[in-house]
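Before any questions on binding or motion, here is one chain by itself as structure tokens, the form predicted on its own.
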């Protein structure tokens, strides 16, 4: 039998894909009474009513049929206008492809770039799905991990990152602001990485789904630095974005890809062979989210900023905790002194104090000994979680 086939006839690489350790912890405990659930990375508030109303209106207008593979033109143009204003450069509609979620976008990018025997180098710790899509393509996912500096901030060794690349490296993957660390890649490092990718002909994949969640920035709309600020239109740069986080639309499954113009036809085909087209009426809700949602985004970011400050002050003061102040996203990623099994520790926190967190090992082996707390919740819940964690970690 082909060594690449499992006993059930499926590809061995698919059978060997790991399950989500976050869901391993969360799913058996979802219905526990009184549990403070800070394990998943999503806002705790429902989608705003004006976005839901737009979806209802789209249904009433019978936007229920197949649409263009790359997305309805109105949404693509809305994103083009939004992105051009956000980044201060012309990002034309011909560089925008709509996806059925950020995750769908990541999968299609791997399908577009990776072949068996290739490799991608990712900056970690990182949400595991970003790397597993590469393994689905029978390619190799490598990782260069951030380290805490003496100043208590996450740092990336750029030389280590470049040294991890070889003649089989097709892409470097960067998630900034980062999940789970809250790290924001400095502009100087972005420029150095972009220059190196240009020199070596390596694709740069930027996951920027948390770009609107930046807490220490002077950029317009309070956003984080983006590779789109400094890249040329024909650079080998692919940027992934999503409606899930900024507009509280996790269950809607809508995202987009920004890519060079000459990649549009390829992504049109990949959309066809993955989902045929993103859900039509949801795309019209996406138009309204961007057009009318700026106040909602601003209010959300300010709420998370307050929560971040509470977590940094209280969790950071607990004796067993090592915590870097998150500069972006909405996670606190912290080490626990003496803890060696984050999955077991996550269950212990559920059983003993009623707080559900994500185990650090879910984000690679380098995350073992760490835990992730999502503070995209109401302030009372975040404060209550600190009260419950203090007897264990203080």
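Quantities reported herein were computed from a predicted structural model and do not represent experimental measurements. Positions refer to the first chain, counted from 1.
One more form of this protein exists, namely the form predicted in complex with a small molecule; it is left out here, but the text below deals with it.
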Worksheet item: If contact means any heavy atom within 4.5 Å, which of 164-172, 294-302, 97-105, 316-324 contacts the small molecule in the predicted bound form?
Response: 97-105
Worksheet item: Do residue 179 and the small molecule come within 4.5 Å of each other in the predicted bound form, heavy atoms counted?
Response: yes
Item to complete: Report yes if any heavy atom of residue 210 sits within 4.5 Å of a heavy atom of the small molecule in the predicted bound form; otherwise report no.
Response: yes
Discussion item. Although the partner isn't part of this model, could you tell me whether residue 253 comes within 4.5 Å of the small molecule in the predicted bound form, counting any heavy atom of the residue?
Written reply: yes
Item to complete: Answer yes if any heavy atom of residue 127 is within 4.5 Å of a heavy atom of the small molecule in the predicted bound form; otherwise answer no.
Response: yes
Worksheet item: Of 277, 78, 242, 226, which one comes within 4.5 Å of the small molecule in the predicted bound form, counting heavy atoms only?
Response: 242
